[in-house]
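We begin with a single chain expressed as structure tokens, specifically the form predicted alone.
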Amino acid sequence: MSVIPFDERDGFIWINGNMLEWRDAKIHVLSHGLHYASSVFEGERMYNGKIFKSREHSERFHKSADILGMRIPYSVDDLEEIKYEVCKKNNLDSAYIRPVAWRGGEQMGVSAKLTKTHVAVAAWSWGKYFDEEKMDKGISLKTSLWRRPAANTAPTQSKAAGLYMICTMSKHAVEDAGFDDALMLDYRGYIAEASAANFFAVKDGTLITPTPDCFLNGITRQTVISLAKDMGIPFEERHIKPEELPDFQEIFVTGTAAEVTAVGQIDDHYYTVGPVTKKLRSAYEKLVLV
């Protein structure tokens, strides 16, 4: 399948207060964010003209930047207007939206006190994260060799670009082995998440998810937990050992891109797309359209 590279597409991208032609939205090669990963971002979805959990994403964008010591020069209210402006300019009512902030090229070196924080917002049409046919039987995961770092070794509660380097490495490795995505453990050996989605398991009707003490507590994750509680589904948040994988009947992952995606295989363990997964997926699909 032919895919148009992102830097060769048409449309409009907002950067630092200006709506630019898509192909003119560029940064200098000597930007601090490129060399030292001083960058944060968000991933959001618009459904039928409404960005799901938009304000929560804008607030998290600010929080991520604060953790890295960056000041976003646009308020949450500003960002809310900008995101909708970008979607309107690109004639989108269903879209994926990517706000990103990075330190510029005013200073080069580990120290970045003199740099300015630059902000851009892009939006494009994007369907399911995984192929539709895989959604019916569930995607396959393989345990990665790379692990999520401890909270005192990396800014784990920030959606920081640098944290995703090991995700890309992990996903490439498992794709080469014929799997769809990576299952990442944390620094202690507990199950953490997929490469870019939170992890849920079902055992005897109880929904179980890892404690987010060294990885991002996703907005979709929080939404699914709230739905489960409203539906009266028994729920546990705790550390999960890989040795427990054979005991689970259902597995699924959540994220803005992944939404609610069933898992059919992890390493040599197999799962069905069961009733709890189906109920929560259906409830989530209804919620985003409200």
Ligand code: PMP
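Numbering starts at 1 and follows the sequence shown. Just so it is clear, the model here is predicted, and its values are computed rather than measured.
What comes next is about the form predicted together with the ligand, which does not appear here.
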Quiz item: With a 4.5 Å heavy atom cut-off, would you call Y164 a contact of the ligand in the model of the complex?
Solution: yes
Quiz item: Could you tell me if S170 has a non-hydrogen atom within 4.5 Å of the ligand in the model of the complex?
Solution: no
Quiz item: Do K142 and the ligand come within 4.5 Å of each other in the model of the complex, heavy atoms counted?
Solution: no
Quiz item: Could you tell me if T117 has a non-hydrogen atom within 4.5 Å of the ligand in the model of the complex?
Solution: no
Practice problem: Name the stretch, out of 210-218, 133-141, 107-115, 70-78, where some heavy atom lies within 4.5 Å of the ligand in the model of the complex. | Solution: 210-218
Self-check item: Candidate spot R60, A196 and G255, all three touching the ligand in the model of the complex (heavy atom, 4.5 Å)
Solution: yes
